[in-house]
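A lone chain, given as structure tokens: the form predicted alone.
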Amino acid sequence: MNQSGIYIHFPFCEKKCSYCDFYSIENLSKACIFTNSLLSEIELRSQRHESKPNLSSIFIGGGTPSLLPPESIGRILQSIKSHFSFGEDIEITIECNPDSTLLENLHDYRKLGINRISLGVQSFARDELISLGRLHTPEQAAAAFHSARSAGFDNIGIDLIFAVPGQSARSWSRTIDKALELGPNHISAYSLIYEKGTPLYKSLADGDVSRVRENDEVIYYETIIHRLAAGGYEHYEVSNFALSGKYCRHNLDIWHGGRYFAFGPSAHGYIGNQRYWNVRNIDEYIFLVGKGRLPVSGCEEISGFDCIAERIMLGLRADGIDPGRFQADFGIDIKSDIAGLIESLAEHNFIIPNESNIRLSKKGYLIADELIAKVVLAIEKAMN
């Protein structure tokens, strides 16, 4: 097996954010038994492979994994190391909330081999943080960032959200100002989504909050694209920006069609041609693993045209499609088979003219889903 990644889902939060649809609970009483169950799941999954899979990245997300004691994180990483092979320059990321990130923990993370921090900042506007249900203040977010730098982390990412109810162009610009002032190595900027079943969705349905106008949402997106480009950040995926050499390897490998193991309740993995997802309930997860069973809720084979469509989608959302690799993997000469569409997209400045890959431009990113659908349809027609 080629190099793979690992995603670990820590299903606990101090307080669940109003917009979050990821599985997590606010009761931390089962964190210890969860850790033991996670170690058992890692062992159960590794037994399915004759040799140790080689890892290029580990991503510890959630939830709020920084709530877990460093000793427990050390046990998890040690278990992974005993069942998987680590690449020499493996990237190990942990997500942290600014309110739960302590300086002493950051030093422990460094000792454990964690070399990348992802901070859930979301905004540097106090009222926006409150409306999102975040527990930290703008000052705590900045302090957490500086603490991570002081602890020796030279690869720090921050997450931001735009199109927050009540957000103005001025407050969004100030958030970008503060982000650039801190100088993180990586910035993810997402438009707020109203996921069904979340408190935020209910507030929208009840008329307690209003969506930001679509035109304003586009302006906010264009603003961060141009501001970060001017600040030296490379726009390498629809929602992701990084300084040179600081792309998130874990995500990039997935966008390039790489495979990844997943552990923890609700975690999604992709091994071989099979995508699987774990049960979305901590008690069921603990029960199944305790019985010596993988806690898988469902799986599906990704084959045929589905593989092609997924590669197109992931590639165009990220840093492009490599025509040579695409032809080697699927036997399709994408530049030749849909030459008319490629030429049209280039003429309208939706893709960047490039001999080595087919990549969306900044203008193309604004309507990425529409363009991806066009390319997928054109390839399907060409194949038939």
Partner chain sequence: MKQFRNFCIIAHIDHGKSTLADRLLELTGRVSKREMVMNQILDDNPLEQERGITIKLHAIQMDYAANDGNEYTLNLIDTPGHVDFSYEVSRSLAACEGAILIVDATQGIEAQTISNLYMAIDADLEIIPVLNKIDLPSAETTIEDVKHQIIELIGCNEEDIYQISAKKGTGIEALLEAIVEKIPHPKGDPDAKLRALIYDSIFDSYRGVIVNLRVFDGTLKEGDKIRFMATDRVYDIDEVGIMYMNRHRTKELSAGNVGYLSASIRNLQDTKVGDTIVHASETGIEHISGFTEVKPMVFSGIYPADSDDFESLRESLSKLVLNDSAITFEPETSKALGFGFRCGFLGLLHMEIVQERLEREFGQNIVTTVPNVRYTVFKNHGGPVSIDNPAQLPPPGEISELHEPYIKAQIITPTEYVGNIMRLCMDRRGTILDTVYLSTERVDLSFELPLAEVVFDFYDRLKSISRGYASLDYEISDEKPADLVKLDIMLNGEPVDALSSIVHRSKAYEWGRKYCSKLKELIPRQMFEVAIQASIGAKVVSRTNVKALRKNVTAKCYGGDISRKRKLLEKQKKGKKRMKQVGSVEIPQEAFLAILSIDD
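Numbering follows the first chain given and starts at 1. Quick caveat, the model's predicted, so the values are computed rather than measured.
There is another form of this protein, the form predicted in complex with its partner chain, and it is not shown here; the text below is about that form.
- Among residues of the shown chain, residue 22 is one whose heavy atoms approach its partner chain to within 4.5 Å in the predicted bound form.
- For residue 297, no non-hydrogen atom is located within 4.5 Å of its partner chain in the predicted bound form, even though that partner is not displayed.
- Contact check for residue 218: a heavy atom falls within 4.5 Å of its partner chain in the predicted bound form.
- Of the heavy atoms in residue 190, some are within 4.5 Å of its partner chain in the predicted bound form.
- The contact residue chosen from 149, 246, 275, 259 relative to its partner chain in the predicted bound form is 275, the criterion being a non-hydrogen atom within 4.5 angstroms.
- Checking 143, 132, 212, 314 for any heavy atom within 4.5 Å of its partner chain in the predicted bound form turns up a single hit: 314.
- Partner proximity in the predicted bound form, defined as non-hydrogen atoms within 4.5 angstroms of its partner chain, places exactly one of 314-322, 33-41, 50-58, 331-339 at the interface: 314-322.
- Taking its partner chain as it sits in the predicted bound form, the stretch 302-336 comes within 4.5 angstroms of it through a non-hydrogen atom at 302, 305, 306, 309, 310, 313, 314, 317.
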